[in-house]
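Shown next as structure tokens: one chain only, the form predicted alone.
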Amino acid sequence: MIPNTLPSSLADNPRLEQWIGFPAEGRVAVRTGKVELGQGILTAMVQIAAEELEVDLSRLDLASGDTRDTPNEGFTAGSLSVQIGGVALRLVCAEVRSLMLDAAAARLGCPREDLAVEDGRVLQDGAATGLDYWALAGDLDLTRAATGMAPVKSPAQLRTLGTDVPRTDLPEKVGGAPFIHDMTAPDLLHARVLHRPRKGARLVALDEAAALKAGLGTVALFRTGDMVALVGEDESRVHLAFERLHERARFEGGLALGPEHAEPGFLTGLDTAAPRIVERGTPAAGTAAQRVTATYSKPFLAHGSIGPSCGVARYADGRLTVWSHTQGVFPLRAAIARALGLAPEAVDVIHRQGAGCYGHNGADDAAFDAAIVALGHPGRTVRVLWTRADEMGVAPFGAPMVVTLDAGLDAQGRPLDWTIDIRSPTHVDRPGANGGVNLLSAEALETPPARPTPADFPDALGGGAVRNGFVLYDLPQQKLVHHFVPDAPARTSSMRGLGAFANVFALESFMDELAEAAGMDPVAYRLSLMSDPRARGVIMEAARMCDWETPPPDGFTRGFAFSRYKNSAAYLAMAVEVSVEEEVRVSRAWCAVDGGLVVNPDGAINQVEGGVIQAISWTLKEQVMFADGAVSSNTWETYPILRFSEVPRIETRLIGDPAHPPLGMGEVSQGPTAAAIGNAVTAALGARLRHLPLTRDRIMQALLAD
């Protein structure tokens, strides 16, 4: 397999030495800009390097997410880590192996075809030559640019790729070693930072004396502009002082937040940019026998990271070093440097694992908090830990969305025309996005950096609100109308899947509504409109897995859904089995997935099933609430998530052909899960619930309306 063009990660970081090195006898340095968020990506990267270099896994020393030492691959996001970053690393390793064999052939004076590699040792006709990578490393110039022309192994040659190699990051996690929350230092200072409760609010009153009294004389107050922190060596006393400070601080102004913002319908009353219209194809000839129109929505969603965000920083000798569980060390470095007036070369950002987020939670903001305090305390290491209220109340949310679909059907129930209308604020406000800083406490500085012009993720990179707005079904015409809301009342940014979650929920619910209008079985209806063989493959496999044509047990109903994430990543079809009494309960889920070559099947299945569980929680329970000008759902009691006792039995089957390139699988299951549940609930109630979450109150409203 030789690509026509280099993957973006390799085009942006073309030198071989940026990825691979041979620093010591028997060791191989492997570098990736992608970071571990709990998805097992570091294990996959080690497998890729071991496979193409032909060395044992134990020889590899992997560095990731470090601005001092790893390639700049932007953010670990979009299900692109293997699809782009892994493919880049694979091409580099194949090229390094090829160069090593060329060097060995030159040394031995033999044809290259006579040579092979086994665990880094060069063999000639199966016999040892006395040469290995470390003896040959001096013959290679790894400062050269990669060509991407060295062929990678064929599926028949693979030995490590496609196997369930144990996770490399788990042993250390048992003791907490990789986690930023467990970092310590002899000179450590603890800090808590006071955050504004809403966008644009200003601090007008602060009881410094009461806070310092609660700190028993061991805590100091640090302030610049409206950015206020309490700092001390004893974390418990810092926390007590902060509680007192937080209780008595008073903010005024800013965007008012009220109960009405909990329901996404408020978006229809906000000003939007001029609608952007994208059309594909032309409507089919003929007059529609019937029209079907429906509106769906999702509310603000919180990341709800189990561990609150944490940042650690140290400023010494003119250099600022920041440790963060960010998804993008290089964009964060640029944003911190710009906000603080530092040269980017004077800032190092190093990834340390956190509680996971799959999107833009408070990690970057906590890192910036630590950086500001560290600048005020040179020579000391500063650790900032957010509170639960911070994590649930001021970190960016997943954006609310309202999606309306309209289709005209012919006499056989096939669409003649098709329109999707999407209304949403931005899904990308990460540090560096749209040319801005986008860090919470930066806006509280005496001279805050200018806010960028609001914008959404570009279509060429998968889109934000419009992600998965178009479908793979064989429709004569698709029209997409995007209403961008530039100024939402609460911070919004990237959350797992971006707009795909709401769009696939709407589209695949609508497909069931069209199937009903056509008088057809939902699976048969989908197949009648689908020619993509890989899509058909997962649809038919998921139907077989759940025995779709056999009725479910008494008291249960089934729902079905399909999507190809971003229409460019993995394919997934799934069915769920639910019961509906006072609440919806998902008892089983079946997933058929085509991700092409899967590096680590166990890891991929974990990703898919983790997405199913998260999406069940979003679909049935989660909704950010507002009251008295602020977020009111900032505790686990007020923001419920799925409990362990509510996790269903999930069966996942990987059916991709390893001859196909790897496709991103990290965000493939969220939207189909919501739609499948919605379709199953409709089958149970005889009434359609179109607005998430599908709570007891919404069930009662639907039944009463019906």
Partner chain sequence: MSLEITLIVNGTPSCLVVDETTPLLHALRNMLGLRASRFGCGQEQCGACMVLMDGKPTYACSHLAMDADARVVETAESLMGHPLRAAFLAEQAGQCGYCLSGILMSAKALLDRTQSPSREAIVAALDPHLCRCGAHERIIRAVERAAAMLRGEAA
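Numbering follows the first chain given and starts at 1. Since this is a predicted model, take the numbers as computed values, not measurements.
Keep in mind that the form predicted in complex with the partner chain is not shown, yet the notes after this line are about it.
Every residue in the set Gly175, Thr184 and Ala355 has a non-hydrogen atom no more than 4.5 Å from the partner chain in the model of the complex. Using a 4.5 angstroms threshold between heavy atoms, Lys298 stays clear of the partner chain in the model of the complex. Contact check for Arg649: a non-hydrogen atom falls within 4.5 Å of the partner chain in the model of the complex. With a 4.5 Å cutoff on heavy atoms, Trp636 counts as touching the partner chain in the model of the complex. Contact check for Ile613: a non-hydrogen atom falls within 4.5 Å of the partner chain in the model of the complex. Comparing 476 to 484, 287 to 295, 236 to 244, 250 to 258 against the partner chain in the model of the complex, the single stretch with non-hydrogen atoms within 4.5 angstroms of it is 236 to 244. Checking Thr381, Thr321, Ser617, Thr557 for any heavy atom within 4.5 Å of the partner chain in the model of the complex turns up a single hit: Ser617. The contact residue chosen from His351, His195, Arg564, His303 relative to the partner chain in the model of the complex is His303, the criterion being a non-hydrogen atom within 4.5 angstroms.
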